[in-house]
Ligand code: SAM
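Listed next as structure tokens is one chain, alone, in the form predicted alone.
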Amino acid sequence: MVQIEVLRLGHRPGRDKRISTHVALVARAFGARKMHLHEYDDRISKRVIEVNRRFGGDFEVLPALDPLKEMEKFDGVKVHLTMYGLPIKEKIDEVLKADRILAVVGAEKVPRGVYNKADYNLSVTSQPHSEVAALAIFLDSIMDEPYFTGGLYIVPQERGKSASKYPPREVCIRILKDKGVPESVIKHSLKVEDLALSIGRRLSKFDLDLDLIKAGALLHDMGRSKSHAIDHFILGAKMVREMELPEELALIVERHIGGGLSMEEASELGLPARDYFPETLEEKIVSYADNIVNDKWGRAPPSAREKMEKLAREIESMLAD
């Protein structure tokens, strides 16, 4: 995947805080890694840090006191966005061959050296427009839609506003694909999601978090990207934590195996010695749904089958009420 950085020229701290902040937010939203800001402004950096805290990601704003030197030292393709450049559609296929791109956007007066040091001077339109619009159109042309972890997720809907701390379905599926989870496992996880959500809706009187059940069901086997052995649930939970997703989501992944494992059983299997029994109702629903979809009873040893049956009786008794 191409790595993008942005160089923002001509920032005037007393006048351009808002527009330079928008440049930074657009860069972040489309998946750029950082913005280099001529005439560094700490207020913009603090704003971006706050957005990262609320919505995830690690985008940063760095000083670029000498933008021409910043361009010289950049190891990659340098694209200057200007209304005087060649149409972007004529060169986009060439640009997409690069692994790293520095997108340069400026104010009205851009030093001549920027034009000379750029590998491409490109225009999104030959009419006057803002650097925010130019950057957004350019990044939309070269980047897949990014996702962020470690913050809130906006829930798409026709009207109103809604956000969740758990990744929505489309983000979970992209995470699975990006982590290299086999397609057969993803199909299994989609079936577990469907069953777990059906159970969760039927048990609505227990005030369940359906967003958590959905994400937990989809990500429960993420560790199978690294191992199909018994330790896959340990590896999956570690991956969830490394992505700074909520701990309760990691616990669903960590406790979904069969009907659970005792500390003694875990130790005998060479796993970290602690209990791995599902505790919350959300954890139990995902574990139960996984057992049903996989039809694990016939292959489980007697001790594991007993725990799976106990979990099944608990869930099914609640469904029957």
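From a predicted model like this one, the values you see are computed outputs, not experimental measurements. Just count from 1 along the sequence shown to find any residue number.
Below: the form predicted in complex with the named molecule, not depicted.
Distance check, Ser130 to the named molecule in the predicted bound form, heavy atom within 4.5 Å:
The answer is yes: Ser130 has a heavy atom within 4.5 Å of the named molecule.
Hey, in the predicted bound form, is Gly106 touching the named molecule, heavy atoms inside 4.5 Å?
Yes.
Could you tell me if Met83 has a non-hydrogen atom within 4.5 Å of the named molecule in the predicted bound form?
It does: once the named molecule is placed as it appears in the predicted bound form, Met83 has a heavy atom within 4.5 Å of it.
Mark Leu122 yes when one of its heavy atoms lies within 4.5 Å of a heavy atom of the named molecule in the predicted bound form, and no otherwise.
Leu122: contacts the named molecule in the predicted bound form.
Would you mind picking out the stretch of 203-211, 153-161, 106-114, 231-239 that comes within 4.5 angstroms of the named molecule in the predicted bound form, counting non-hydrogen atoms?
Partner-contacting stretch among the options: 106-114.
Quick check on this chain: which one of Ala134, Ile199, Leu249, Leu102 has a heavy atom within 4.5 Å of the named molecule in the predicted bound form?
Residue within 4.5 Å of the partner: Ala134.
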